[in-house]
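Next up: just one chain, as structure tokens, the form predicted alone.
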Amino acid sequence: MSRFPHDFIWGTATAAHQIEGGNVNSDFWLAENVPETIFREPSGDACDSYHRYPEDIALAAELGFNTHRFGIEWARIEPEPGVFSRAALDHYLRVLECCHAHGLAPMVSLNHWTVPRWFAARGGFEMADSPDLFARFAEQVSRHLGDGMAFVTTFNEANIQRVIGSTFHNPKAAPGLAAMKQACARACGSDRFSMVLFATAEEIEAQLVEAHYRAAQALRAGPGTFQLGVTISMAEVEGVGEGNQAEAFENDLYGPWLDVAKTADFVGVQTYTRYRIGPEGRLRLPADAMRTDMGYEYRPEALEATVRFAARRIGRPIIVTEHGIAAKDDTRRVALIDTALEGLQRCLDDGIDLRGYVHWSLLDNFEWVLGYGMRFGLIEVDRTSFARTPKPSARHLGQIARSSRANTPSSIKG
């Protein structure tokens, strides 16, 4: 592992709703708790990280990391339209200060799919004025938190609607999704309820692109010298057979976001698997294929492929902002990390401008509609006591980070 630069970014990632708990003003909290929900279980207290963040940050630092990726929750900061909570902003300021106190460069996500309930009930990002509202939120963030951020991204996996559209928008799943959204709308006294994760690209993508640009403008106008990035869900795309549709599949997978990323300070690559594409489209996995607990193909080599793709197609500095595996067997996580990092070393050896690796996730957390059954964390969290227990993979990756002689995180500047 010695070929990683001494100033390489080594970190772990989290998302506000998945770890904080008690996110009662968000669209997801409502959707999880209506009788018609499609969620396996509600998020509830999650990992109680809203209160236990000092422990989480201290653990990340003790393990050997120099960067901490986390989300700030719009629904807490703006619980009602135009009503901004100074207490919530101060909370996230304390999180930033805690990161710096422990030598971790803060990497902040403005949106990790959740939005305020009022925003969803007015139509979310389907509405023409939604970019204005998101930029207004970004301006508040920049004004109060800008000096403390080292990195900031707007939308987590900005192309997510293109990635998972068929999961929820198919004849089997669509009626249940529609019933849940209708129940949420009724609970809000509205005729609509639009959620980022469950919308289609046709409904919200144009507004998301504009919202990114408007938010970027608002962020850059405020204090701070952070780097501003775009995170994209990327998979290795392998064409199989003559006449395969791999190029068309890639175009559909990424839409406008590769061009958007060309305007950012860095692109965040987020990779979990591979898609094999034949002449008729995406191929099913063979019955004997190695899979993760999520059902994806186990493919640690995919990360090298997507980093090379990003370098070739986007040409901006690259940070791996998510990579990991759902696995109860932690030895699979160690093996995934080792194979993936060998690929990243080859990328660096070939001169690719790769700045860092941020693993998903620091904690076993709330995995959206699947609840708490999927274990992505380097650290186990007891569901009753909230006790944190680092897994062998946490020590393993942390030792790799230490051995690369990464800069003290205070030297990692935006």
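Computed from a predicted structure; not experimentally measured. Residue numbers here begin at 1 and follow the sequence given.
Just so it is clear, the following notes concern the form predicted in complex with a small molecule, a form of the same protein that is not shown.
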May I ask you to state whether residue 130 is within 4.5 Å of the small molecule in the predicted bound form, using heavy atom distances? no
Using a 4.5 angstroms cut-off on non-hydrogen atoms, would residue 367 count as touching the small molecule in the predicted bound form? yes
Whether residue 112 contacts the small molecule in the predicted bound form should be assessed with a 4.5 Å heavy atom distance threshold; does it? yes
Classify residue 360 as contacting or not contacting the small molecule in the predicted bound form by the rule of any non-hydrogen atom within 4.5 angstroms, answering yes or no. yes
Quick check on this chain: which one of 142, 161, 156, 306 has a heavy atom within 4.5 Å of the small molecule in the predicted bound form? 156
Please pick, from 275, 272, 125, 74, the one residue with any non-hydrogen atom lying within 4.5 angstroms of the small molecule in the predicted bound form. 272
The chain here is shown without the small molecule. Which stretch in 203-211, 308-316, 264-272, 92-100 comes within 4.5 angstroms of it in the predicted bound form, by heavy atom distance? 264-272
